[in-house]
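A single chain comes next, written as structure tokens; it is the form predicted alone.
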Amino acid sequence: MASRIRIRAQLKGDGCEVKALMRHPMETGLRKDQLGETIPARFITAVKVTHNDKIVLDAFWGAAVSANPFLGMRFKGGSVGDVVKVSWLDNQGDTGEGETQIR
């Protein structure tokens, strides 16, 4: 599966604002395809955001999150040039990761 994550991290006041768009189908396992077959469940179960390898967000998601989910968050601290990484794990064991530097 493509593990594309578009990330932007920017200083805002005394904190850092992170925006991430993850490419993922997020199937609930309840929909059917054109042949009437159930589409298997495939959804992100865990999302982690790190700042210079320190965890600033550790979230657990489920099937109710929409396809190609958007994550917006803020954390205190950070400096221009610091590294922010976003990674996810889905219920089928696939992963995705992306990183950027704070502007």
Partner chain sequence: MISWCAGILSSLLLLLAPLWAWAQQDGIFDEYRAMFGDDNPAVFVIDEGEELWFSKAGPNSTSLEGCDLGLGAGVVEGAYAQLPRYFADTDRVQDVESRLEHCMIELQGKTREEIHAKPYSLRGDLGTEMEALVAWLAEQSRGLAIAPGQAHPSERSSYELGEQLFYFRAGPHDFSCATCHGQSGKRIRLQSLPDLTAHEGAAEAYSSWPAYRISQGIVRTMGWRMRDCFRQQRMPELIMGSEAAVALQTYLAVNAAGATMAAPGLKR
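Here the structure is a predicted model, which is why all the values come from computation and not from measurement. Positions refer to the first chain, counted from 1.
The discussion below concerns the form predicted together with the partner chain, not included here.
None of the heavy atoms of Leu30 is located within 4.5 Å of the partner chain in the model of the complex. Contact annotation: Asp94 falls outside 4.5 Å of the partner chain in the model of the complex, judged by heavy atom distances.
Interface residue remark: Trp61 is counted as part of the site for the partner chain in the model of the complex, having a heavy atom within 4.5 Å.
Although the partner is absent here, Arg42 is not a contact residue: none of its heavy atoms lies within 4.5 angstroms of the partner chain in the model of the complex. Taking a 4.5 Å heavy atom cutoff to the partner chain in the model of the complex, the contacting residues in 16-50 are Lys19, Ala20, Leu21, Arg23.
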